[in-house]
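Okay, here we've got a single chain as structure tokens, the form predicted on its own, with questions on binding and movement later.
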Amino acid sequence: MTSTEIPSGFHKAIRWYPPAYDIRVDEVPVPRIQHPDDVIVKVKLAALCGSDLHIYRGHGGINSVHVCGHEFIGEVVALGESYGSDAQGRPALYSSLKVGDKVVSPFTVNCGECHVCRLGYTGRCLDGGLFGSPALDGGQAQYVRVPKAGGTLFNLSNPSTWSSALPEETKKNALLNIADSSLLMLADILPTGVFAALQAINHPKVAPVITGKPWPHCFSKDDVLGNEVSFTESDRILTVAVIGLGPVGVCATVSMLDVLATRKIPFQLVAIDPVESRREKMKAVYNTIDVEGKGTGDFAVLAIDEAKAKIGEWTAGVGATAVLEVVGNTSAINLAYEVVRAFGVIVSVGVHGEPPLPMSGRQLYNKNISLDFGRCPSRAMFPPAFDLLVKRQDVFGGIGEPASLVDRIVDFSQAADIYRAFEKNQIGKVIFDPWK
């Protein structure tokens, strides 16, 4: 094992106690290397995420005390025996990662070597695990153990170990100049937002609008229209709804706007949330984005009933082609079903609890809709998320401004109050500094 000096005693950690709404800051043993593939990270910053609220509210089916949090950035302070220059045939970090390197972690452990990881579905690695659960202590602590770290972490000190569509010099300069509070978004919320947008824009149900050719000729390279009636200009307008404007919903909306603007796709996009403060945040974010990043489509931020009316107005009652559901509850899914068109797609990246889905098979059949559910493979989504982070520093770079995704950076002593305020929608994205 290679390491710097790690305290041999205890460190501070934010822990959840069952059954619900009980957050405490405890002194717990400093984590140690347990497996040759482990790495110990000294946490510089850790974030509070909407997904943490499921456990906080007692809805996660969990009854064990554990360290919270799955978003963290920090410095490598100890390496297991697997790390070294002779680590052949394994992910690059097993050969190159060093003590002192700055790293950001996806919210799940990913081995990077199994069939599932090789396909890019890293969020469901068979050897994986979720930080901030009874099975794996989270990052809202001064130190955290990262299993399978060679396939999990991203080395921000050595950007040659991961890909980017940006020029190499741009990539290096970005890592020198972007704040850690911004880079921390690469742990979960920004990759998840990009994931939702890319799932929708690349879905087969969206292909006729994108290609201008009806089903099934939208999948053919031939110029045959396959229909005696040509597409009208309005048939080429993609109508999208984003349900939920918490931090991930904002990221999903910004990601979708970027995709539409980059591909020059005509669009109508409505961002929906019943909470006024979240709508105001989304409006401020949109107003901050430059003209190039907004595209040329129509954009609206509305409460639920107004959004339903707007979608009906835009589409003559047909409905949205794609709906991004970023909440993770039955009411949001019901709304998604209500506003999606026949032959539309619902992309759900919100963390759903135990209640069953509210739609019947008959309802799904009657609309020919597709449901795309589940966890973001955040490690696989890191490269495009990083590129968007660099492009949109106007939104993702600040703290505490009307258009900033991050509202505050606080110390651990405020943890219980911050969890309580976040749960009541009284504050947005908050980052903890374990060393304040």
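We number the residues from 1 along the sequence you see. Owing to the predicted nature of the structure, the values given are computational and were not obtained by experimental measurement.
There is also a form predicted together with a further copy of the same chain; it is not shown, and the following applies to it.
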The chain here is shown without a further copy of the same chain. Which stretch in 358 to 366, 249 to 257, 98 to 106, 270 to 278 comes within 4.5 angstroms of it in the predicted bound form, by heavy atom distance?
358 to 366
Pick from 389, 67, 381, 406: which residue has any heavy atom within 4.5 angstroms of a further copy of the same chain in the predicted bound form?
381
Only one of 135, 303, 309, 342 comes within 4.5 Å of a further copy of the same chain in the predicted bound form by heavy atoms, so just point that one out.
342
Is the gap between residue 264 and a further copy of the same chain in the predicted bound form 4.5 Å or less for some heavy atom pair?
no
In the predicted bound form, is there a heavy atom of a further copy of the same chain that lies within 4.5 Å of any heavy atom of residue 299, even though the partner is absent here?
no
Contact flag, residue 294 vs a further copy of the same chain in the predicted bound form, heavy atom cut 4.5 Å
no
Contact flag, residue 178 vs a further copy of the same chain in the predicted bound form, heavy atom cut 4.5 Å:
no
For the spot marked by 31, 169 and 173, is every residue within 4.5 Å of a further copy of the same chain in the predicted bound form through some heavy atom?
no
For 180 to 201: residues with a non-hydrogen atom within 4.5 angstroms of a further copy of the same chain in the predicted bound form?
195, 198, 199
